[in-house]
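What follows is one chain in structure tokens, specifically the form predicted on its own.
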């Protein structure tokens, strides 16, 4: 049974149809890349799966259970957590406290002590143990993205919905972040749907790739198949291909 199964999902905002009959399947412990031009519906799809937005039609199932239209807090407690393109931590709180809040929110912990312990464990996993006591607002852009990831992991989620966690990084930062992600996935064995524009990241972390254009799935397959698919080259990569 897939970890997440999306069937014929549509989402409209007034007269604008952001998703048009999208179907995809995310396997247990699978990392699935989701790419497409700006405005193709990628973030909307993550928002609908996470319960941030309700679908106009279609279904989302988590481990065979329908979760379409459920509240975000209920979906988090079932094991699904989402990051955001623009991190917005509690700036005046410490990094550790930010992660502890996520642990309390997702794991149904009833006291601060265990949540802080979970925060310490998670920050060690994402390589931010030495930043624990800093104010979250003082972090660099890369560190704030790692904090987003730490918060998602701290909820106890088995399914991560990651919205451009590799965007805006230098080549060196990107290399380090890809290596860290692989290490975390090997250790935690979560399933992940990864929205990303950085093709180097998609090709390095994903087992499969789904391509959206104007709210529709236009291609799906292995990373190698996708980068050589003419529809993808025209719709997303541009006429120069993967090297752009």
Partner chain sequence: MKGRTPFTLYGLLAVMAALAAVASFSGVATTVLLVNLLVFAALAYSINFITGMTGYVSFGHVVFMAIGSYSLAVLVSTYSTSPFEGIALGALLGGLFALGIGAVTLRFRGVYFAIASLVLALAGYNLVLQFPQFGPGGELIFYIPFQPLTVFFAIWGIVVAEIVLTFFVNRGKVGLGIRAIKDEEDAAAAAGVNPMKLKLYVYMLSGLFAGAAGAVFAWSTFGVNASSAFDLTFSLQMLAMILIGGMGTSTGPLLGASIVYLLYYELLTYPRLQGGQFLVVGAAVIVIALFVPDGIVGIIRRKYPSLKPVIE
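Please read all numbers here as calculations on a predicted model, not as lab measurements. Positions refer to the first chain, counted from 1.
Omitted here: the form predicted in complex with its partner chain. The next part is about that form.
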So in the predicted bound form, is its partner chain close enough to residue 100 to count as touching (4.5 Å, heavy atoms)?
yes
I'd like to know if residue 122 sits close to its partner chain in the predicted bound form, meaning any non-hydrogen atom pair within 4.5 angstroms.
no
Can residue 158 be called a contact residue for its partner chain in the predicted bound form at 4.5 Å between heavy atoms?
no
Give a yes/no on whether residue 73 approaches its partner chain to within 4.5 Å in the predicted bound form, heavy atoms considered.
yes
Heavy atoms within 4.5 Å of its partner chain in the predicted bound form is the criterion; list the residues of 65 to 96 that meet it.
71, 72, 73, 76, 77, 84, 88, 89, 90, 91, 92, 93
